[in-house]
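Two versions of one and the same chain are coming, encoded as C-alpha coordinates; call them structure 1 and structure 2.
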Structure 1
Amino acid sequence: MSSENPKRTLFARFAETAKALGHGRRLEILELLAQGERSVEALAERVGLSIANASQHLRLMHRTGLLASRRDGKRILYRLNDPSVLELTAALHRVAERNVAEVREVIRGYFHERDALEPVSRKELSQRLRDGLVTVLDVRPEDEYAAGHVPKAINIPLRELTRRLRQIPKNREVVAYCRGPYCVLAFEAVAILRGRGFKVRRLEDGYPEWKAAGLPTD
(Lines of atoms letter the chains of each structure in order from A and count residues from 1; the text may use other names and numbers.)
(Lines give C-alpha, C1' and ligand atoms only; values in the text may rest on other atoms or scores of the structure.)
Protein backbone atom coordinates (compact mmCIF):
# COMPACT_ATOMS: atom_id res chain seq x y z
CA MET A 1 0.00 0.00 0.00
CA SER A 2 2.78 2.46 0.80
CA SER A 3 4.01 4.19 -2.31
CA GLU A 4 7.66 4.61 -3.14
CA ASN A 5 7.20 8.25 -2.31
CA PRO A 6 7.34 8.56 1.47
CA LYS A 7 5.77 11.99 1.52
CA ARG A 8 2.76 10.81 -0.45
CA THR A 9 2.37 7.95 2.00
CA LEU A 10 2.52 10.25 4.99
CA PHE A 11 0.08 12.75 3.56
CA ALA A 12 -2.34 9.99 2.64
CA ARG A 13 -2.32 8.83 6.26
CA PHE A 14 -2.71 12.36 7.55
CA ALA A 15 -5.68 12.75 5.23
CA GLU A 16 -7.31 9.63 6.64
CA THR A 17 -7.01 11.00 10.14
CA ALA A 18 -8.48 14.33 9.02
CA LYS A 19 -11.34 12.52 7.29
CA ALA A 20 -12.14 10.79 10.54
CA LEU A 21 -12.88 14.23 11.97
CA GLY A 22 -15.06 15.07 8.99
CA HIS A 23 -18.47 14.10 10.33
CA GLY A 24 -20.64 16.04 12.75
CA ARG A 25 -21.65 13.01 14.80
CA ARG A 26 -18.08 11.86 15.11
CA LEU A 27 -17.15 15.28 16.47
CA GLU A 28 -19.96 14.92 19.00
CA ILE A 29 -18.58 11.54 20.01
CA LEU A 30 -15.15 13.10 20.47
CA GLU A 31 -16.66 15.80 22.69
CA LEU A 32 -18.24 13.11 24.86
CA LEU A 33 -15.06 11.05 25.01
CA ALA A 34 -13.18 14.16 26.13
CA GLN A 35 -15.16 13.79 29.39
CA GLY A 36 -13.90 10.25 29.90
CA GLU A 37 -14.08 6.76 28.44
CA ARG A 38 -17.46 5.31 27.49
CA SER A 39 -19.03 2.18 26.04
CA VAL A 40 -20.37 1.90 22.52
CA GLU A 41 -23.91 1.66 23.77
CA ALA A 42 -23.65 4.72 26.00
CA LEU A 43 -22.21 6.80 23.17
CA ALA A 44 -24.82 5.60 20.69
CA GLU A 45 -27.61 6.48 23.06
CA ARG A 46 -26.30 9.92 23.92
CA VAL A 47 -25.47 10.97 20.36
CA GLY A 48 -28.62 9.43 18.91
CA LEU A 49 -27.16 6.73 16.68
CA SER A 50 -27.92 3.05 16.27
CA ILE A 51 -25.41 0.85 18.02
CA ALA A 52 -24.09 -0.63 14.78
CA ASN A 53 -23.66 2.80 13.29
CA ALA A 54 -21.91 4.13 16.38
CA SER A 55 -19.62 1.10 16.32
CA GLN A 56 -18.68 1.88 12.72
CA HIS A 57 -17.79 5.47 13.56
CA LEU A 58 -15.80 4.38 16.58
CA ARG A 59 -13.81 1.80 14.68
CA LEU A 60 -13.03 4.32 11.97
CA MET A 61 -11.69 6.78 14.54
CA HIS A 62 -9.79 3.94 16.16
CA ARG A 63 -8.15 2.95 12.86
CA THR A 64 -7.03 6.49 12.15
CA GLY A 65 -5.38 7.12 15.49
CA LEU A 66 -7.98 9.22 17.29
CA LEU A 67 -9.29 6.61 19.74
CA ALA A 68 -8.08 3.76 21.89
CA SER A 69 -10.23 1.08 23.50
CA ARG A 70 -10.16 -1.53 26.22
CA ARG A 71 -12.48 -4.24 27.41
CA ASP A 72 -14.25 -4.02 30.76
CA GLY A 73 -16.41 -7.08 31.40
CA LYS A 74 -18.74 -7.44 28.44
CA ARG A 75 -18.34 -3.87 27.27
CA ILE A 76 -15.72 -2.19 25.24
CA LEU A 77 -14.77 1.26 26.42
CA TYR A 78 -13.43 3.81 23.98
CA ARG A 79 -11.34 6.83 24.92
CA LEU A 80 -9.33 9.60 23.29
CA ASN A 81 -5.98 8.15 22.34
CA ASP A 82 -3.89 11.04 23.44
CA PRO A 83 -4.04 14.68 24.60
CA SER A 84 -2.98 15.63 21.08
CA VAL A 85 -6.46 14.66 19.88
CA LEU A 86 -7.97 17.33 22.10
CA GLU A 87 -5.48 19.83 20.70
CA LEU A 88 -6.48 18.83 17.19
CA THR A 89 -10.19 19.39 17.75
CA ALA A 90 -9.41 22.68 19.48
CA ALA A 91 -7.34 23.78 16.47
CA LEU A 92 -10.21 22.82 14.18
CA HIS A 93 -12.63 24.90 16.25
CA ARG A 94 -10.27 27.86 16.13
CA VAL A 95 -9.93 27.80 12.35
CA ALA A 96 -13.68 27.58 11.85
CA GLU A 97 -14.45 30.26 14.41
CA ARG A 98 -12.08 32.67 12.74
CA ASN A 99 -12.76 31.91 9.11
CA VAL A 100 -16.23 30.47 8.58
CA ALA A 101 -18.94 33.12 8.51
CA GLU A 102 -21.81 30.93 9.65
CA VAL A 103 -19.82 29.66 12.62
CA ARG A 104 -19.13 33.21 13.76
CA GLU A 105 -22.81 34.06 13.42
CA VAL A 106 -24.05 31.08 15.39
CA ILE A 107 -21.57 31.73 18.16
CA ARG A 108 -22.40 35.42 18.37
CA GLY A 109 -26.12 34.89 17.99
CA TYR A 110 -26.62 31.93 20.25
CA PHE A 111 -23.76 31.44 22.64
CA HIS A 112 -22.87 35.02 23.39
CA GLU A 113 -26.39 36.34 23.81
CA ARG A 114 -26.94 33.82 26.55
CA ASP A 115 -24.00 34.96 28.58
CA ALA A 116 -23.90 38.70 28.81
CA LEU A 117 -21.46 38.58 31.68
CA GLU A 118 -17.86 37.54 31.18
CA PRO A 119 -17.23 33.87 31.77
CA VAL A 120 -14.98 32.95 34.66
CA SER A 121 -11.47 32.00 33.60
CA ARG A 122 -9.92 28.75 34.76
CA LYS A 123 -7.25 30.68 36.61
CA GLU A 124 -9.78 32.80 38.47
CA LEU A 125 -11.86 29.80 39.44
CA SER A 126 -8.89 27.82 40.68
CA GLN A 127 -7.83 30.76 42.88
CA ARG A 128 -11.30 31.24 44.31
CA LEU A 129 -11.57 27.53 44.94
CA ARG A 130 -8.51 27.73 47.15
CA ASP A 131 -10.13 30.55 49.11
CA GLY A 132 -13.37 28.56 49.41
CA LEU A 133 -15.42 31.49 48.21
CA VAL A 134 -17.33 29.81 45.43
CA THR A 135 -19.69 26.91 44.76
CA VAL A 136 -18.88 24.94 41.62
CA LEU A 137 -21.80 23.34 39.82
CA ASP A 138 -21.33 20.50 37.34
CA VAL A 139 -24.47 20.21 35.19
CA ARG A 140 -23.34 17.22 33.09
CA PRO A 141 -25.00 13.81 33.41
CA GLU A 142 -24.01 11.78 36.43
CA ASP A 143 -21.75 9.33 34.64
CA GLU A 144 -19.63 12.09 33.15
CA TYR A 145 -19.32 13.69 36.59
CA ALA A 146 -18.30 10.32 38.00
CA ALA A 147 -15.53 9.97 35.41
CA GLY A 148 -13.90 13.15 36.71
CA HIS A 149 -14.84 16.67 37.79
CA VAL A 150 -13.58 19.96 39.20
CA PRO A 151 -12.65 19.56 42.91
CA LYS A 152 -15.57 19.99 45.30
CA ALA A 153 -18.02 20.51 42.44
CA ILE A 154 -21.57 19.41 43.14
CA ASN A 155 -23.34 17.52 40.39
CA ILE A 156 -26.86 18.45 39.39
CA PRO A 157 -27.62 17.38 35.81
CA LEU A 158 -29.47 20.10 33.96
CA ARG A 159 -32.69 18.10 33.76
CA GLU A 160 -32.89 17.90 37.53
CA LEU A 161 -31.88 21.46 38.17
CA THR A 162 -35.28 23.00 38.93
CA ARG A 163 -36.11 20.14 41.29
CA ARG A 164 -32.90 20.45 43.29
CA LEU A 165 -32.52 24.18 43.69
CA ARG A 166 -32.34 23.95 47.46
CA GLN A 167 -28.98 22.21 47.18
CA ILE A 168 -27.45 25.39 45.80
CA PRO A 169 -26.48 28.12 48.27
CA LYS A 170 -28.05 31.50 47.51
CA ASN A 171 -25.55 33.67 49.34
CA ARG A 172 -22.40 32.44 47.56
CA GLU A 173 -21.33 32.88 44.00
CA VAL A 174 -21.94 29.84 41.81
CA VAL A 175 -19.84 28.85 38.80
CA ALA A 176 -21.44 26.37 36.40
CA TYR A 177 -19.65 24.29 33.78
CA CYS A 178 -20.28 21.39 31.44
CA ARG A 179 -18.52 19.66 28.52
CA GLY A 180 -16.78 22.43 26.68
CA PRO A 181 -17.13 25.60 24.65
CA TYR A 182 -20.08 24.38 22.58
CA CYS A 183 -21.96 22.60 25.32
CA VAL A 184 -25.22 24.41 26.05
CA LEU A 185 -25.92 22.83 29.44
CA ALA A 186 -24.00 25.44 31.43
CA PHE A 187 -25.52 28.30 29.43
CA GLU A 188 -29.00 27.07 30.20
CA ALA A 189 -28.19 26.43 33.83
CA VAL A 190 -26.95 30.00 34.19
CA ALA A 191 -30.13 31.31 32.57
CA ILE A 192 -32.38 29.24 34.83
CA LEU A 193 -30.52 30.08 38.03
CA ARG A 194 -30.31 33.79 37.32
CA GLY A 195 -34.05 33.80 36.78
CA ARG A 196 -34.39 32.49 40.32
CA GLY A 197 -32.10 35.05 41.88
CA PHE A 198 -28.88 33.09 42.10
CA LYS A 199 -25.54 34.78 41.61
CA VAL A 200 -24.10 32.55 38.93
CA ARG A 201 -21.56 32.67 36.13
CA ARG A 202 -20.21 30.20 33.65
CA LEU A 203 -16.72 28.71 33.50
CA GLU A 204 -14.88 29.25 30.23
CA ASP A 205 -14.86 26.08 28.13
CA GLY A 206 -15.53 22.97 30.23
CA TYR A 207 -14.13 20.02 32.11
CA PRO A 208 -11.80 18.60 29.43
CA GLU A 209 -10.05 21.95 29.08
CA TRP A 210 -9.77 22.26 32.85
CA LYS A 211 -8.12 18.89 33.03
CA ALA A 212 -5.92 19.51 29.98
CA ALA A 213 -4.65 22.69 31.62
CA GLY A 214 -3.21 20.53 34.37
CA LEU A 215 -5.58 21.79 37.06
CA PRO A 216 -6.59 19.41 39.84
CA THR A 217 -9.55 17.06 39.44
CA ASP A 218 -11.52 14.67 41.61
Structure 2
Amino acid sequence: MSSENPKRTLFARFAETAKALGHGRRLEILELLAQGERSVEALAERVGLSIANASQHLRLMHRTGLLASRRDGKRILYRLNDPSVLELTAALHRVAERNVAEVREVIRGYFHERDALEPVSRKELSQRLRDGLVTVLDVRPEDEYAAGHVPKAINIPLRELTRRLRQIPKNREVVAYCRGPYCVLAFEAVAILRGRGFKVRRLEDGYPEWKAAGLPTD
Protein backbone atom coordinates (compact mmCIF):
# COMPACT_ATOMS: atom_id res chain seq x y z
CA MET A 1 0.00 0.00 0.00
CA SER A 2 1.35 3.43 -0.87
CA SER A 3 2.57 5.62 1.96
CA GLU A 4 1.50 8.74 0.06
CA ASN A 5 -1.07 10.89 1.83
CA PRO A 6 -4.41 9.81 0.28
CA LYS A 7 -5.83 13.30 0.58
CA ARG A 8 -2.90 14.71 -1.38
CA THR A 9 -3.42 12.05 -4.02
CA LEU A 10 -7.05 13.07 -4.36
CA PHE A 11 -6.22 16.75 -4.44
CA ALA A 12 -3.62 16.15 -7.14
CA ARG A 13 -6.23 14.38 -9.30
CA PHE A 14 -8.76 17.15 -8.61
CA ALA A 15 -6.14 19.67 -9.71
CA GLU A 16 -5.65 17.80 -12.99
CA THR A 17 -9.37 18.07 -13.68
CA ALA A 18 -9.31 21.78 -12.83
CA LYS A 19 -6.29 22.27 -15.10
CA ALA A 20 -8.20 20.66 -17.98
CA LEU A 21 -10.74 23.48 -17.67
CA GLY A 22 -8.01 26.12 -17.75
CA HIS A 23 -8.36 27.20 -21.39
CA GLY A 24 -11.06 29.31 -23.00
CA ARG A 25 -11.29 27.12 -26.10
CA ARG A 26 -11.85 24.03 -23.95
CA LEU A 27 -14.77 25.74 -22.25
CA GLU A 28 -16.18 26.57 -25.69
CA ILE A 29 -15.82 22.91 -26.67
CA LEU A 30 -17.61 21.81 -23.50
CA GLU A 31 -20.46 24.22 -24.26
CA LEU A 32 -20.81 22.68 -27.72
CA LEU A 33 -20.65 19.11 -26.43
CA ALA A 34 -23.38 19.95 -23.93
CA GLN A 35 -25.67 20.26 -26.99
CA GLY A 36 -24.87 16.70 -28.08
CA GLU A 37 -22.20 14.32 -29.35
CA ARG A 38 -19.80 15.78 -31.94
CA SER A 39 -16.91 14.61 -34.09
CA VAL A 40 -13.45 16.15 -33.83
CA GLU A 41 -13.86 17.67 -37.29
CA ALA A 42 -17.23 19.28 -36.48
CA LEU A 43 -15.92 20.74 -33.23
CA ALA A 44 -12.79 22.09 -34.89
CA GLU A 45 -14.84 23.86 -37.56
CA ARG A 46 -17.33 25.39 -35.12
CA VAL A 47 -14.72 26.59 -32.62
CA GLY A 48 -12.34 27.79 -35.33
CA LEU A 49 -9.40 25.50 -34.58
CA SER A 50 -7.29 23.18 -36.67
CA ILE A 51 -8.24 19.51 -36.34
CA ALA A 52 -4.87 18.80 -34.70
CA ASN A 53 -5.36 21.55 -32.12
CA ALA A 54 -8.94 20.51 -31.38
CA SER A 55 -7.81 16.89 -30.99
CA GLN A 56 -5.19 17.93 -28.47
CA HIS A 57 -7.75 19.75 -26.32
CA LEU A 58 -10.19 16.85 -26.57
CA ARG A 59 -7.63 14.21 -25.61
CA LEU A 60 -6.62 16.20 -22.54
CA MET A 61 -10.22 16.54 -21.36
CA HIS A 62 -10.81 12.86 -22.11
CA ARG A 63 -7.81 11.82 -19.98
CA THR A 64 -9.11 13.79 -17.00
CA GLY A 65 -12.59 12.28 -17.18
CA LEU A 66 -14.52 15.27 -18.50
CA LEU A 67 -15.31 13.58 -21.82
CA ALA A 68 -16.20 10.15 -23.14
CA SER A 69 -15.56 9.05 -26.72
CA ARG A 70 -16.42 6.35 -29.23
CA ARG A 71 -15.29 5.48 -32.73
CA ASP A 72 -17.69 5.65 -35.67
CA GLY A 73 -15.86 4.33 -38.72
CA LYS A 74 -12.91 6.67 -39.24
CA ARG A 75 -14.34 9.38 -36.98
CA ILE A 76 -13.96 9.78 -33.23
CA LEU A 77 -17.04 11.21 -31.52
CA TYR A 78 -16.91 12.96 -28.16
CA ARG A 79 -19.57 13.75 -25.55
CA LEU A 80 -19.71 14.98 -21.97
CA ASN A 81 -18.94 12.12 -19.59
CA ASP A 82 -21.91 12.89 -17.32
CA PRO A 83 -24.16 15.82 -16.25
CA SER A 84 -21.78 16.79 -13.44
CA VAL A 85 -19.46 18.30 -16.08
CA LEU A 86 -22.20 20.82 -16.90
CA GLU A 87 -22.61 21.55 -13.18
CA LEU A 88 -18.86 22.09 -12.86
CA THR A 89 -18.72 24.67 -15.65
CA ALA A 90 -21.82 26.41 -14.25
CA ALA A 91 -20.11 26.70 -10.85
CA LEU A 92 -17.04 28.17 -12.53
CA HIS A 93 -19.23 30.77 -14.25
CA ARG A 94 -20.87 31.75 -10.95
CA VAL A 95 -17.60 32.15 -9.08
CA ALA A 96 -16.07 34.28 -11.84
CA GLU A 97 -19.19 36.43 -12.22
CA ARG A 98 -19.27 37.15 -8.49
CA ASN A 99 -15.57 37.76 -7.96
CA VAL A 100 -13.84 38.87 -11.18
CA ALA A 101 -14.34 42.53 -12.06
CA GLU A 102 -13.61 42.07 -15.77
CA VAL A 103 -16.26 39.35 -16.04
CA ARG A 104 -18.85 41.63 -14.44
CA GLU A 105 -17.85 44.46 -16.80
CA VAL A 106 -18.34 42.27 -19.88
CA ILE A 107 -21.73 41.10 -18.62
CA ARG A 108 -22.85 44.65 -17.82
CA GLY A 109 -21.55 45.85 -21.18
CA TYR A 110 -22.08 43.45 -24.06
CA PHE A 111 -24.76 41.23 -22.52
CA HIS A 112 -26.88 43.76 -20.62
CA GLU A 113 -26.68 46.19 -23.53
CA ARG A 114 -28.56 43.63 -25.60
CA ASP A 115 -30.87 42.33 -22.88
CA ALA A 116 -31.03 43.76 -19.37
CA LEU A 117 -34.49 42.36 -18.60
CA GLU A 118 -34.98 39.53 -16.13
CA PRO A 119 -34.80 36.25 -18.07
CA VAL A 120 -37.56 33.65 -18.02
CA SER A 121 -36.95 30.78 -15.58
CA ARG A 122 -37.23 27.17 -16.69
CA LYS A 123 -40.20 26.68 -14.36
CA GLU A 124 -42.05 29.69 -15.80
CA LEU A 125 -41.38 28.64 -19.40
CA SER A 126 -42.53 25.09 -18.69
CA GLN A 127 -45.82 26.38 -17.28
CA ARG A 128 -46.38 28.84 -20.12
CA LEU A 129 -45.70 26.11 -22.68
CA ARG A 130 -48.37 23.92 -21.08
CA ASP A 131 -50.79 26.85 -21.22
CA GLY A 132 -49.93 27.65 -24.85
CA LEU A 133 -49.04 31.24 -24.02
CA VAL A 134 -45.61 31.60 -25.61
CA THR A 135 -43.61 31.03 -28.79
CA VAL A 136 -40.28 29.37 -28.05
CA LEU A 137 -37.46 30.25 -30.42
CA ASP A 138 -34.30 28.13 -30.69
CA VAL A 139 -31.58 30.17 -32.43
CA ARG A 140 -28.88 27.49 -32.46
CA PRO A 141 -27.64 25.93 -35.72
CA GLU A 142 -29.88 23.28 -37.28
CA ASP A 143 -27.75 20.29 -36.25
CA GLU A 144 -27.85 21.28 -32.58
CA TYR A 145 -31.62 21.73 -32.73
CA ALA A 146 -31.98 18.32 -34.41
CA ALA A 147 -30.00 16.67 -31.60
CA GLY A 148 -32.58 17.87 -29.06
CA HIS A 149 -34.66 20.94 -28.22
CA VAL A 150 -37.35 22.39 -25.97
CA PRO A 151 -40.79 21.02 -26.95
CA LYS A 152 -42.66 23.07 -29.58
CA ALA A 153 -39.62 25.31 -30.16
CA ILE A 154 -39.21 26.64 -33.67
CA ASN A 155 -35.69 26.70 -35.03
CA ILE A 156 -34.46 29.83 -36.76
CA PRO A 157 -30.65 30.06 -36.57
CA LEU A 158 -29.49 33.57 -35.72
CA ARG A 159 -27.90 34.07 -39.15
CA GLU A 160 -31.34 33.58 -40.76
CA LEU A 161 -33.43 35.52 -38.25
CA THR A 162 -33.87 38.83 -40.04
CA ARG A 163 -35.15 37.20 -43.26
CA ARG A 164 -37.50 34.78 -41.48
CA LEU A 165 -39.27 37.16 -39.10
CA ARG A 166 -42.65 36.38 -40.68
CA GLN A 167 -42.45 32.86 -39.24
CA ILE A 168 -42.63 34.27 -35.69
CA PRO A 169 -46.13 35.22 -34.44
CA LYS A 170 -46.35 38.79 -33.20
CA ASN A 171 -49.49 38.25 -31.16
CA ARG A 172 -47.78 36.60 -28.18
CA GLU A 173 -44.52 36.72 -26.28
CA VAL A 174 -41.41 35.05 -27.67
CA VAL A 175 -38.85 33.31 -25.47
CA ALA A 176 -35.46 32.79 -27.15
CA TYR A 177 -32.76 30.38 -26.06
CA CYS A 178 -29.51 28.88 -27.32
CA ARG A 179 -26.57 26.99 -25.80
CA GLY A 180 -26.37 28.36 -22.27
CA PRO A 181 -26.50 31.44 -20.02
CA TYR A 182 -23.69 33.29 -21.85
CA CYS A 183 -24.50 32.16 -25.38
CA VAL A 184 -24.42 35.32 -27.50
CA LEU A 185 -26.90 33.92 -30.03
CA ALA A 186 -29.90 34.43 -27.74
CA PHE A 187 -28.78 37.90 -26.67
CA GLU A 188 -28.35 38.98 -30.29
CA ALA A 189 -31.73 37.48 -31.21
CA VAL A 190 -33.48 39.37 -28.40
CA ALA A 191 -31.90 42.65 -29.52
CA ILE A 192 -32.96 42.07 -33.15
CA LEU A 193 -36.53 41.08 -32.28
CA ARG A 194 -37.09 43.95 -29.85
CA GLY A 195 -35.86 46.32 -32.53
CA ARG A 196 -38.55 44.92 -34.85
CA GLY A 197 -41.35 45.37 -32.31
CA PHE A 198 -41.60 41.84 -30.87
CA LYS A 199 -42.31 41.23 -27.21
CA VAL A 200 -39.40 38.92 -26.42
CA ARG A 201 -37.49 37.61 -23.43
CA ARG A 202 -34.64 35.19 -22.99
CA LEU A 203 -34.56 31.84 -21.20
CA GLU A 204 -32.35 32.01 -18.10
CA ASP A 205 -29.84 29.51 -19.53
CA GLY A 206 -30.01 27.10 -22.46
CA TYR A 207 -31.05 23.72 -23.79
CA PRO A 208 -28.44 21.67 -21.85
CA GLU A 209 -29.63 23.08 -18.51
CA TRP A 210 -33.26 22.51 -19.50
CA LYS A 211 -32.49 18.85 -20.31
CA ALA A 212 -30.35 18.37 -17.17
CA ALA A 213 -33.28 19.58 -15.05
CA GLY A 214 -35.32 16.62 -16.32
CA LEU A 215 -37.75 18.76 -18.30
CA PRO A 216 -39.38 17.36 -21.47
CA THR A 217 -37.42 17.52 -24.73
CA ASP A 218 -38.06 16.74 -28.37
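Only the largest set of C-alpha atoms that superpose within 1.5 Å between the two forms is called the rigid core. Please note that residue numbering is based on structure 1, beginning with 1 at the start of its sequence. Please read all numbers here as calculations on a predicted model, not as lab measurements.
Only structure 2 is derived from the form predicted alone. Fitting the two forms on the rigid core leaves the C-alpha of residue 83 displaced by under 2 angstroms between structures 1 and 2.
In this overlay on the rigid core, residue 123 has a C-alpha that sits less than 2 Å away from its partner position between structures 1 and 2. Shown in the overlay between structures 1 and 2, fitted on the rigid core, is a CA shift at residue 73 of 2 Å or greater.
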